[in-house]
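Only one chain comes next, encoded as structure tokens, the form predicted alone.
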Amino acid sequence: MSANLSGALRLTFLGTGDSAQTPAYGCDCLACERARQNEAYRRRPCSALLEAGGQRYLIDSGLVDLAERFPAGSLDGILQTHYHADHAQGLLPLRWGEGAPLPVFGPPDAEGFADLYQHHGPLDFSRPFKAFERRALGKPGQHFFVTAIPLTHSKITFGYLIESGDQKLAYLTDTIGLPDESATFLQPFRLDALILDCAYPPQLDRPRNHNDLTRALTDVRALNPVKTFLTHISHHLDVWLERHPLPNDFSSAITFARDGMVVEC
């Protein structure tokens, strides 16, 4: 499944679900029953594979089968948005492996997740990002740039602005709205693709940790990207979407991402 914007950045959604995933344990809603019957409707832990400048980076590591999906030597590093379990649990078995160090870049979270820092094995946590820090990743002449974007969540969390040549992509999950400083920083960029947290249907009250659709659309209006792909989607939102279309002014520019979907720009 591909949403092709043609170019130097390629992002594959490995998971587009929230922490419950879809199907959710014990739930018999329309979305969960559909996902049990058809693999295409499953939503695994929110994560992606970024390919740019001849490099391959995971964005988050919540999938528990990372060793099978990505054998040693097949990744250049991992970009962690934060260290909640559904975004970091896949690192637990990797740290008992062997071989060359695998860089894990993320926010400067002193607690991290479980005892990963204490028993890190080949995982290298030594170079966390600072807020709004911009780094060149990759080989000379093939590098791309990554900037850490602070987000609003219950644990210190960064999204990432990724630039390769003239192409710009922002991956912003988990968040409830955008901090003013982050929105102001991103607005001058004409994003070719925005990947944005959208866990819930429209809510009357402000959700605790993740965007509902109303707040996600507010962020889209503020950043005005060429294309938007919503992720971190709950089974509750999937059920709501069966009965409610997007507003007409958004329907052609916004895609609700699916596991396996590819974005190129």
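Don't overthink the numbering: it's just position in the shown sequence, from 1. Note that the coordinates shown come from a computational prediction; the quantities given were computed from them, not determined experimentally.
Although it is not shown, the form predicted in complex with another copy of the chain is what the next lines describe.
Distance check, Leu191 to another copy of the chain in the model of the complex, heavy atom within 4.5 Å = Residue-level check for Leu191: no, no contact with another copy of the chain.
Is there a heavy atom of Cys27 lying 4.5 Å or less from a heavy atom of another copy of the chain in the model of the complex?
-> Cys27 belongs to the contact set for another copy of the chain.
Answer with yes or no whether Pro71 is in contact with another copy of the chain in the model of the complex, where contact means some heavy atom within 4.5 Å.
-> Contact check for Pro71: yes, within 4.5 Å of another copy of the chain in the model of the complex.
Going by a heavy atom distance of 4.5 Å, is Trp96 a contact of another copy of the chain in the model of the complex?
-> Yes - in the model of the complex, heavy atoms of Trp96 and another copy of the chain come within 4.5 Å of each other.
In terms of non-hydrogen atoms within 4.5 angstroms, which of the given stretches 107-115, 143-151, 182-190, 124-132 touches another copy of the chain in the model of the complex?
-> Of the options given, it is 107-115.
Since exactly one of Val226, Ala222, Ala67, Ala40 fits, which has a heavy atom within 4.5 Å of another copy of the chain in the model of the complex?
-> Of the candidates Val226, Ala222, Ala67, Ala40, Ala67 is the one lying within 4.5 Å of another copy of the chain in the model of the complex.
Looking at Ile176, Leu137, Leu92, Ile156, which is the one with a non-hydrogen atom within 4.5 Å of another copy of the chain in the model of the complex?
-> Partner contact (heavy atom, 4.5 Å) among the options: Leu92.
Residues in 215-240 with any heavy atom within 4.5 Å of another copy of the chain in the model of the complex | If the 4.5 Å heavy-atom criterion is applied to another copy of the chain in the model of the complex, 215-240 yields His235, His236.
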